[in-house]
Each structure stands twice: as C-alpha cells, then as structure tokens.
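Here's a solo chain for you in structure tokens, the form predicted on its own.
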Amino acid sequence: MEFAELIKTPRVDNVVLHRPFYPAVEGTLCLTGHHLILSSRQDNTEELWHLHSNIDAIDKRFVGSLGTIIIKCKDFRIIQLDIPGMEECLNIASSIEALSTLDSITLMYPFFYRPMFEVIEDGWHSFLPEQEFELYSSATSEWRLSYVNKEFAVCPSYPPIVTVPKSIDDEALRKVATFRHGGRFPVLSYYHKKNGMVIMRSGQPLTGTNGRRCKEDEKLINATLRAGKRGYIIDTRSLNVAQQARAKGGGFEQEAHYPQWRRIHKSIERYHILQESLIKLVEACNDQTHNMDRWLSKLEASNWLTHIKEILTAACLAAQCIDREGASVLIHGTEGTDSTLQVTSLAQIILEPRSRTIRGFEALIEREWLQAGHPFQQRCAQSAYCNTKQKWEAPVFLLFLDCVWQILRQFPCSFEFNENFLIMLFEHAYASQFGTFLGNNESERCKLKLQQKTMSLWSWVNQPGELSKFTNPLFEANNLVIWPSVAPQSLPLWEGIFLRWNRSSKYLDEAYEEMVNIIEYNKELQAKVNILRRQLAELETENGMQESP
C-alpha cells in the first residue's frame, strides 16, 4: 500500500493552528505518510510536527465554508486546525483518520525513521537476560538460565531465555507450562541479595473444577523455599473472581497441594474498568466549569487514585513478605501480563536501589514489561478520547508509571531520574519513532525483525545530551528499602501528566531551573570548602613540623 493513496489533499495554505500555551499561528498544513506538519513564514514560530500514531480521535465542525478539525491526542493534548474550504477540510480529516489507524505494524513510523544522532550504544543489546543474570549469580548458585523457550514453543509470551531453579530441568518446565495459563510457568522476577528471598511470577494454574494438579509445578515452586520456611502467593484477583475462573478452566493453588504456601488475594482491576477510569479522569481534567464540587466528585468517580492505591498496596505487601517476613513470593493474576507485572516491578523499586537509577529502571522495563510479555500493542492502541472501544485497551503501563511518580514524590532524593523521564516513557509507549514498544511480546518482535529494522528508544535516551534532561538534580544514592505511604492523603493527582495541557507549567519550570542553579552553586561552594580544608590541613602540618625541635 502507498501512503499517497490515503492522502486526498497533501497540502493546504492559510490554515490556523491553535494549541495549548502557544499563540495562534497561520501557515501551510502538509500531510506525509506519518506526520501532520504545519509550518509558518512568521519569525520565531515553532513548526508543528505531529505523529499520526499519536492521534486518538478527531472531531469536525463547519461554519459556512470554514472547517475546523479538533485533534485529540494519545498524550491528552487537544489541538485545533481552522481550514478554509469544506472539501479541503473533509479530505484532511479523512486522510488523518486513515493514517492514524494503520492496520499493519510494518507501516508505522519506526520502520521508516532514520536517526539524526550518532548511535553510540545499541539499545537492543543494552539489557540482555545473560547480563541481568550475572548481577545476582555471584550471590547464589540456586538458579540457572533456561533456553527451553528459545523457539517460543513452550510459552509464546515469554522471552527465549528465562531464569528458573537449578534443580528443575527443562522437561519439567514443559510439563508445568501445560498447567499454567498461556504456558506462563513460574520464573524468577527478582532476587533479594540481603536474605536470598525471591519474587516469582506466572499465569494462573489451570486447576479447573476438578481440582487438577501438577506435581512438577508443586516441585518448581517449593524449590524456591528454604528449609522450614513458608512462602506467599499473591493473587491479584479477588477470591470471588479467582473461584469463577475455575469454571473456565483456570483457578488457584489448592492449599492441600501447596501446604507451605499461604495465598493472599489483592484485587487489582483490569481491562475496560481501567480504560473507563482513564476516560473519566481526563474528562474531569478537561472540564472548564471551575466548580469545586463538580471537580472533586468527577475525580472521585473516575476511581483512578483508588486503582493507584490498590496497586501500591499489593506491591508493598510483596516487598514486606520479602524484606520483613523473610519469605519468598509468587505473584499472578489470570494471564500474568498486566497487574502481575505492575506488582513485581513496583516491589523491586521499593526493595532494590538499582531500580531507582536511570539504567536500572530501563532494565526493569525491559525485563518486567517488554520481555515479560506485556501486550503494549493492544493496551496502548488507544487512549482517553477514542470512540471505538475494543476490549484490549487499558492504561496498565500508565498506572505503573503513576505509581512510580507517587513513590518519587515521597522520596525525591532516592531516584536518579526525574518526572520528565516517566512522562517521556508514557509518550513513547503510545506513539514513537522507536521500535521498543511495538508488538505484544518478544515472539512478535522477532517476527517483525525490530532489532534489524528499527531503532531502540534506549539508544536515544542514553546519549549524554539527552540523559541530562531526565536526571534528578536532588539524587543521592540511597541503598535502603523505601516504604511509600499508601494513605489516601499521600496520593495526589499526577498533574505533570493529566493537567499539563490545561495550565501552564511556566512558573514550575522556572522554580525547577532555580533549584538546579542553587544545587550547582552549592556543589561549587562545597568544592571550594574541600580545597580550603586541604590547604588548612597542609598549613597545620607544616606549622607542626616547624614547631617540633
């Protein structure tokens, strides 16, 4: 298919652009296969380059021969184009609709993008499983890398290489895979060096109504326990939902078959409930009535902050089991690709200082989201404005980033990255020139040959010039476990995401710059103090030598 077939009118003059925090601009609108571009001959005017894949929905209005297109974006921005001529307006609108909903992944911009920067690091090879395994293999010999899934035959949503107990062979893993939803047998998510406890994750067991069991599954899970120790299974469904799953062939671990494990249900919502929550929240944030009661009731009705609280509570529970109870944990819901990953990754941010660094957090996203099979292509296909709702969309990753921001806000000196880093990840998960978030799992990414045909997001982010934008000036390495508060009063709305297009951040940006300047000045003064102290110590030494006979 040629993009030209979808572009009915490639160029229109005298188009007026309205967007948040910029004056209206008149210029020429051009449509390409992947971008909507508006350029103006006015001096000091920034061009608009907008990816079609970032467009969530468009509305059309007409007053006489003047047409208006309102573009609602996946990053919650709303921009308006005033286009002279009804035919041109209709043609532009239908072209944008077609170009923003391409069926084929290989027609998307990452396959056409060529970087304008020098690639110093190939991000596709920055966080390989073998490298991650080496980080804790020196502390324990109880785990091994398994290549049982190298052809994606055992579990289509797992990566080719997984970490499993050394005492369990690949044949046993194949049997366990037939007993777990989607073939997602229990694998290592995190090893706590302080006490050797682990977090594992999986899909639900397929016990069904007959109470089916699998001896290999029981052996695998028990292999993670120390002698005389108990473990915890955190099920991210309510007991009622887990029991209903048995009728469909799913279920949960029977206590009779897993006597050393205690099961805890921590209900976290999924799918359309989360999507509806996001839609209601963004609608509330865009409400311009300025009525306090209306705002507060809409915010509460969205339930967004309730979902944040539920996820953080489950993550804190998992971290407590590991660090305070000295017990290993298995986490799963139904598939093990959504709420499970939210909990495992947030527990690591609480427990593991490395996860709070920039590269450590990138490794966490690779390991616990991309390689672990979170279906980004399905979940992030649409955002808060799209009218055609399919059942797979859900802001699971955005909720995770919001939870990270909540912890960052409570521990502002313990994270190497800043809020802009989290916002950037949200934007690229929904629309990007990079191939990192394309596809639903590693199997799909291999078939698409993303490593050969697209650029990794990490290749761009990890350039020194870009990293400086995402570095937290307050960061001081903190090797302790951090325990966030989950009290409702401690969990505010993330304004940096949800209100950034509704009100200017000019004064906040100025305050941030001033803070950076103060910190830099403080470092300079500290360096001068250190020099003076050294000079004073040298003078005292010299005086002491002169005074001694």
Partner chain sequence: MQPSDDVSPTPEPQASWTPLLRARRAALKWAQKSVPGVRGVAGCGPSAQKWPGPRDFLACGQVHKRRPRILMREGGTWGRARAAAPEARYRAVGRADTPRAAGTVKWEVEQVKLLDRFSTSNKSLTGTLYLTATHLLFIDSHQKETWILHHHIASVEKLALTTSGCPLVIQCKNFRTVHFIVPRERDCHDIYNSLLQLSKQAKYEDLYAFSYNPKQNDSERLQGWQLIDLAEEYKRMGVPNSHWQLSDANRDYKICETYPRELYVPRIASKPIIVGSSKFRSKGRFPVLSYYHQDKELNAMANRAAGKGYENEDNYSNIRFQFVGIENIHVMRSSLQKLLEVNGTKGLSVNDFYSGLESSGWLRHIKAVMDAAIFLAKAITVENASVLVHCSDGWDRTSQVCSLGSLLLDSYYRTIKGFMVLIEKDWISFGHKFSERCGHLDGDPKEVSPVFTQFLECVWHLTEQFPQAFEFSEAFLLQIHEHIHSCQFGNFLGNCQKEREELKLKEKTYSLWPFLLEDQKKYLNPLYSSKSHRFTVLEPNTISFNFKFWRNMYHQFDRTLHPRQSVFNIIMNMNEQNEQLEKDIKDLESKIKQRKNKQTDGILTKELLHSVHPESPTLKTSLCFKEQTLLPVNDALRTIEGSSLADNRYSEYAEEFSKSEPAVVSLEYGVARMTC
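These figures come from a predicted structure and were not determined experimentally. Numbering follows the first chain given and starts at 1. If you superpose the two forms and keep the largest set of C-alpha atoms that fall within 1.5 Å, you have the rigid core.
The form predicted in complex with the partner chain exists for this protein as well; it is not shown, and the discussion that follows is about that form.
A.B. asks: 392-400, 461-469, 427-435, 229-237: which one contacts the partner chain in the model of the complex at 4.5 Å, heavy atom to heavy atom?
C.D. replies: Among the candidates, contact is made by 229-237.
A.B. asks: Which residue, Thr28, Ser65, Thr32, Asn502, is the contact with the partner chain in the model of the complex, using a 4.5 Å heavy atom cutoff?
C.D. replies: The option sitting close enough to the partner is Asn502.
A.B. asks: Could you check which residue among Asn420, Gln80, Gln451, Gln410 gets a heavy atom within 4.5 Å of the partner chain in the model of the complex?
C.D. replies: Flagged contact: Gln410.
A.B. asks: With the partner left out here, check for me: in the model of the complex, does some heavy atom of Glu325 sit within 4.5 Å of the partner chain?
C.D. replies: So Glu325 counts as contacting the partner chain.
A.B. asks: May I ask you to state whether Glu118 is within 4.5 Å of the partner chain in the model of the complex, using heavy atom distances?
C.D. replies: Outside the cut-off, so no.
A.B. asks: Can any non-hydrogen atom of Arg114 be found within 4.5 angstroms of the partner chain in the model of the complex?
C.D. replies: No - in the model of the complex, heavy atoms of Arg114 and the partner chain never come within 4.5 Å of each other.
A.B. asks: Contact between His18 and the partner chain in the model of the complex at 4.5 Å, heavy atoms?
C.D. replies: Outside the cut-off, so no.
A.B. asks: Scan 468-498 and note down the residues that get a heavy atom within 4.5 Å of the partner chain in the model of the complex; none is a fine answer too.
C.D. replies: Heavy-atom contacts within 4.5 Å come from Leu474, Glu476, Ala477, Asn478, Leu480, Val481, Trp483, Pro484, Ser485, Val486, Ala487, Pro488, Gln489, Ser490, Leu491, Glu495.
A.B. asks: If I superpose the two forms on their rigid core, does the C-alpha of Gln535 end up displaced by 2 Å or more between this form and the one not shown?
C.D. replies: True for Gln535: a C-alpha shift of 2 Å or more.
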